[in-house]
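This document opens with one chain alone, in structure tokens, the form predicted alone.
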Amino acid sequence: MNLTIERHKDIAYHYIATRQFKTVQITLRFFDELEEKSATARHLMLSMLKAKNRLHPSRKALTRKLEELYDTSLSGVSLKLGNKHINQFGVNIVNPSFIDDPRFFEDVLEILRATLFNPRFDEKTLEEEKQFLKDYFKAEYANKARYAAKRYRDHLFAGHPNRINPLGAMEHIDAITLEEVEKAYERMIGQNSLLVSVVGDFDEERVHRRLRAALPFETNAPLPDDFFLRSAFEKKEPITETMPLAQDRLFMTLSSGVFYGDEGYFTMVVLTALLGEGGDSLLFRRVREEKSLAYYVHAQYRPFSALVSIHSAMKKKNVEQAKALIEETLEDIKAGNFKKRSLDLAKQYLITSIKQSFDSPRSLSLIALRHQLLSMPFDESYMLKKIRDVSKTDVMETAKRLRWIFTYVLGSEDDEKDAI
């Protein structure tokens, strides 16, 4: 496996050559600032671009053409990375070397070119995409786990870019006009930073030449390098909100001060896995298996905000006991009161995840993205060594830096309520 980086002006092209897949994946990522209303317009614009274009003037026509090209998939998603918004487009195709059609790859590029350079923006499609987006946000309320997570983020990240959903916000949808969508498109094509990646088995020089010819981007915007807001999160008062639920949702938050790529980053990754990732983690065994206090419990490290979130679901009567046991478990890690086997299992969990990530086109593209933007080596052995080298003392010392900053509970008023 080999990563080669080519450049045209300030556009970066990643070519990840590997024979382990029978497909070729092409991904384009457009970077802009993260702001709630513009994220809403950008997401609606992206959805309209992948719905149809002037060459394929209806959803049905575009779908039919993709099916004819051996079920080529065209995707478009809105993402965020730190304080940046990303419009991501991609195609996943059967490796052209398996297809007895010399026009196949050119036809795929023609679809990408039509999608990105010949859009068909109209009021009807905009209204359709607005309704789809509204339905998504309404479903968020209906799914109590998603709704609880949203309310938790709203409180935790109040006034912070991390609060912003890359799809935008319900309250901005109706106000977005066709003109704003068109302006968002013009800004994306002409002013956004752009990174293109290709993963699979291909002739790099030939693919690069054909991509440049089919997708003649001319932006001079350099790739961003300021993804972090390194301001410390102040401690917040606990918040409890109520609604009819079968399970109370508990969220507890720790600040680490360790961001992606910092010294201590890999120790934080191991610490989080030891604390609450996977079925062998300390929290899973203690809170769920031994004490039967929760239906699930999981810890997640957020390296772009330097926070660790612990989330769980349980009966109301167990909330206080679960909180105390979670806090006690962290104190045990600080004191070194955990077995070597627990640390080894946490490392093995991470090692398996890293190896799996190098066996997926999508993950390889993301690893190359982190390499380009955040200087993380594109090297499986480097990551594995960093994980293996984390010592028990490293974990204990890093755990001592963690501080509790916020607790949120969404639950029923009492255990006797009819729950949903």
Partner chain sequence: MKKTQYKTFHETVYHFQLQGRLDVYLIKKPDFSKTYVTLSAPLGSIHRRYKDGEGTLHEVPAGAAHFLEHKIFERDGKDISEDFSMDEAQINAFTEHHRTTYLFSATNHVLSNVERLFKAFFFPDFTDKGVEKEKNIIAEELNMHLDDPYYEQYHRLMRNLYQNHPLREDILGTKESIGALRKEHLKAMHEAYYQPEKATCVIVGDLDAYRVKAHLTENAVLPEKTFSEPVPHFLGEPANVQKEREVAELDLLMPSVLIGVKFLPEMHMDIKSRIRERLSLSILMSLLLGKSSDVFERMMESGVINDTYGLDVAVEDTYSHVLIGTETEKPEAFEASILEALKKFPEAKITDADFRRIKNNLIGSFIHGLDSLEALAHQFTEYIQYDIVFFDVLEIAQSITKEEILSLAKRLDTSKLSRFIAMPQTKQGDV
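Here the structure is a predicted model, which is why all the values come from computation and not from measurement. Residue numbers count along the first chain shown, from 1.
Just so you know, the form predicted in complex with its partner chain exists too; it's not on screen, but the next bit is about it.
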query	finding
Candidate from 353, 38, 372, 365 lying within 4.5 Å of its partner chain in the model of the complex - any heavy atom	353
Interface residue in the model of the complex among 113, 315, 84, 130, criterion: non-hydrogen atom within 4.5 angstroms of its partner chain	315
Residue stretch of 300-308, 158-166, 85-93, 257-265 approaching its partner chain in the model of the complex, non-hydrogen atom distance within 4.5 Å	85-93
Contact flag, residue 400 vs its partner chain in the model of the complex, heavy atom cut 4.5 Å	no
In the model of the complex, residue 208 touching its partner chain (heavy atom, 4.5 Å)	no
Its partner chain contact in the model of the complex: residue 63, any heavy atom under 4.5 Å	yes
Its partner chain contact at residue 382 in the model of the complex, heavy atom, 4.5 Å	no
Complete contact of 32, 193 and 334 with its partner chain in the model of the complex (any heavy atom, 4.5 Å)	no
Residues of 137-153 having any heavy atom within 4.5 Å of its partner chain in the model of the complex, listed in sequence order	138, 139, 141, 142, 143, 144
